[in-house]
Each structure stands twice: as structure tokens, then as C-alpha cells.
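Just one chain is shown here, as C-alpha cells, and it is the form predicted alone.
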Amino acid sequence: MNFTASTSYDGVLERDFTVGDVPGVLWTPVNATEHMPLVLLGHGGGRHKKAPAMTGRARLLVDAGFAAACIDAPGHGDRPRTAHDEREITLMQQAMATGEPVGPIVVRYNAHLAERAVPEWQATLDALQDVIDGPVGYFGLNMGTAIGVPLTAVEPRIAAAAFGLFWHDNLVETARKITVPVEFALQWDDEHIPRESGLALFDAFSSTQKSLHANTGAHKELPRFEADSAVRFFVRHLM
């Protein structure tokens, strides 16, 4: 792990890093010790490691005594897009512009991204554990779920995970391999993800401790208090 920049504000130490050619950011309390719980943050599609949702969730986690880390997904943030990325993004934009269902394209493209991102996350976690030695959780919605479900299924160091806002189509069999505690959020009136699809993904997790948080509203109207709930979830299971 190569730390490239650092800054501190309001008790939070923010350090940019790279693992190979993958850029990321680590947030810890300014007075952090080596042993503390760590939550990996998966950002959404079209976003990046320092998107407001990531920095906001990181701040909540740091205030609760956690370290938090996020890396740019392939083709996002500071990482270049491949020709495949460009084709899929163009197809998604065309579907949204014409009112066609975007789900099949998102599911297909995010599965491709997950194949690339899962080993990157595992290499990043290897490096992070040289700095932060403690139990590990994962928190990601939308594309963060598309990447986080296969990551959690194969990564035994992840002891709890918060997911949500994604289709079940190609994740059901993978979700059945997950037995750690899960908190799952869905929007009851999601205009992109059918309610039945979100419920099917929640149902597929083999976890004996799992909770479903369903809120009224459209896809982008997930209440902010769900981030607070996720932090409490990690406090229960990682501290």
C-alpha cells in the first residue's frame, strides 16, 4: 500500500492510497490505533471513492469508532474506462433516454465489473490489514451491492454486510453462499428495480441474522437514516 496524500478535519484522518494501480482512500480517527474494526465501502454506479455518499458514510463510521475504506471501481473515478465500459454506459444512457428498461444492461455490466473488482478488493484488504487489524464489514448499495455480494461470498474476513437497491437476477446463487449477518435496504416504489426482485435477493441470503429495511419512495429516495442504521448494525456485529 502506497499512501499518496493525507489530510485531517474534525477528528477524521483521510489518507489517499494506491494498491497496484487501484486508487483508494482510508478514513480513520486522527488518534486511531492499529486495532479497530474496518468497513469497506462500495460506491454506486457512476460515482467514485470520494462521492458525497462515501465521505458521509465514512464520517458516520469514524465517529462510531471504525476505520472505513473505499476504492474506485473499474472504469470509475480516477480509473480509465475500457472500450467495453464505454459501450455499456452508452447503452444505459440510451435506454434511460428512451424510457426502456435499464435493469438488464445494469445487471450485465455490473456483473462484468464485479469480476474485475472482487480480486482488487481482496488485494486492498490484504494491504489494509497491515495498517488496520480488526474485524471487517462491507457496506455498499446499488453497484456496491453488485460487487459486494460476490466479494462477501468468497472473502471469509468479512463478518457482516449491508446491501441494498439491486436486482436479484444473477446474484441469487451467490447470495445463498453468504451466512454472515446482513442488513438489506430496498425502496418499495423503486421505478427501476421491481419490488419482487429486491425481495428475492433478500430471501436468498443464507444468513440466520438478516433484516429487511423497506421504505416508501423511488429509487433515489432512500432515507438518510438508513446510513445511521447501517452504522448501528456494524456496531452490533463488529464491536
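When you see a residue number, it is the position in the sequence shown, counting from 1. These numbers come from a predicted model, not from an experiment.
Absent from the display: the form predicted in complex with a further copy of the same chain. The rest refers to it.
At the 4.5 Å threshold, heavy atoms of Val30 stay clear of a further copy of the same chain in the predicted complex, well away from it. When contacts are judged by a 4.5 Å heavy atom cut-off, Lys177 does not count as touching a further copy of the same chain in the predicted complex. Although the partner is absent here, Asn215 sits close enough that one of its heavy atoms falls within 4.5 Å of a further copy of the same chain in the predicted complex. Not displayed here, a further copy of the same chain is approached by Phe225 to within 4.5 Å at the level of heavy atoms in the predicted complex. The candidate spot formed by Leu199, Phe202 and Ser207 is fully in contact with a further copy of the same chain in the predicted complex: every one of the three has a heavy atom within 4.5 Å. Shown alone, this chain has one stretch from 207-215, 45-53, 22-30, 66-74 that lies within 4.5 Å of a further copy of the same chain in the predicted complex by heavy atoms: 207-215. Of the residues in 171-195, those that come within 4.5 Å of a further copy of the same chain in the predicted complex through at least one heavy atom are, in sequence order, Trp188, Arg195.
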